[in-house]
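Listed next as structure tokens is one chain, alone, in the form predicted on its own.
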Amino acid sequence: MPELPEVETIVRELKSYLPGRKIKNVTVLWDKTFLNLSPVKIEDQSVQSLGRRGKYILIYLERSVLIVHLRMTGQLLFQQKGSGVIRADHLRVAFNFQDGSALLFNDVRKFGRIYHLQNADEKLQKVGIDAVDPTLTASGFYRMLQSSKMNIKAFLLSQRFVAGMGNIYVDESLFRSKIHPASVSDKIKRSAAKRLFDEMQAVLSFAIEHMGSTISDYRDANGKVGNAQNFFYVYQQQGTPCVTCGNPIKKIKHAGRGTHFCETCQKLYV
């Protein structure tokens, strides 16, 4: 599933393409993908701006908003007029603009969703603060941890406290901060919480710089792959030597997800 760095990459690219373009019509090829929940007509509205909250892409129109969640295999691709047809073998929705360009939503597994709403709060009111929001501080993050008895992996995956982290970047951040994924959130010491906060920021920033991680289906808005996956320390590295201690990286099922970690280097707080 695309996580914060992948979604941020797509948003940054679409910011150079979409603003000012007027929607001519919407072609829906899979009814469950597009949920039109606004009484406002989407046709003839121009794109005003783009944003992101966690894993959600926000496309602000003149009188309403589109909220896109890519889920497992969603791809949001921009097609310039006259550039040739982008390969989209699993096209679910196409937003056709009056200038002949189009925004295509391709999705193999059909789990992705596009919501047309009056305002973003209708969908995002239960989504926590974005993981790279400049107002999120190490002390604020520590207070969140102190309020929860969830294990730290489940805490970071929940999206209720901090939004945008998924399996890849949670595993990488926990490894780099030397915290075991089964650690109880409110048992993590302040110094370790500060280390985790700093490593989260570093991991996410690095992945954004490298255009995200392509494990299987992720593509940016131009259909290109990311390359952050070439620098993983633990994710999908089970059996390979830990870069710190040399012991093999392990994979277990934890918090309902495949979890990669070093049992030697990562401390358990319980």
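Numbers follow the displayed sequence, beginning with 1. As the structure is a computational prediction, the values presented were derived from the model and not from experiment.
There is also a form predicted in complex with the DNA; it is not shown, and the following applies to it.
- Interface membership of L157, defined by any non-hydrogen atom within 4.5 Å of the DNA in the predicted bound form, is confirmed.
- The DNA is not drawn, but in the predicted bound form it has no heavy atom within 4.5 Å of G246.
- Looking at N151, you'd find a heavy atom of it within 4.5 angstroms of the DNA in the predicted bound form.
- Proximity of S64 to the DNA in the predicted bound form: non-hydrogen atoms within 4.5 Å are absent; the residue sits far from the partner.
- The stretch from 94 to 102, 135 to 143, 192 to 200, 67 to 75 that comes within 4.5 Å of the DNA in the predicted bound form, counting heavy atoms only, is 67 to 75.
- The single contact residue among H90, K187, H116, R176, judged by any heavy atom lying within 4.5 Å of the DNA in the predicted bound form, is H90.
- Against the DNA in the predicted bound form, the set R109, I168 and Y218 is in full contact: each member has a heavy atom within 4.5 Å.
- Contacts between stretch 21 to 57 and the DNA, counted in the predicted bound form as any heavy atom lying within 4.5 Å, involve W30, K32, K55, Y56, listed in sequence order.
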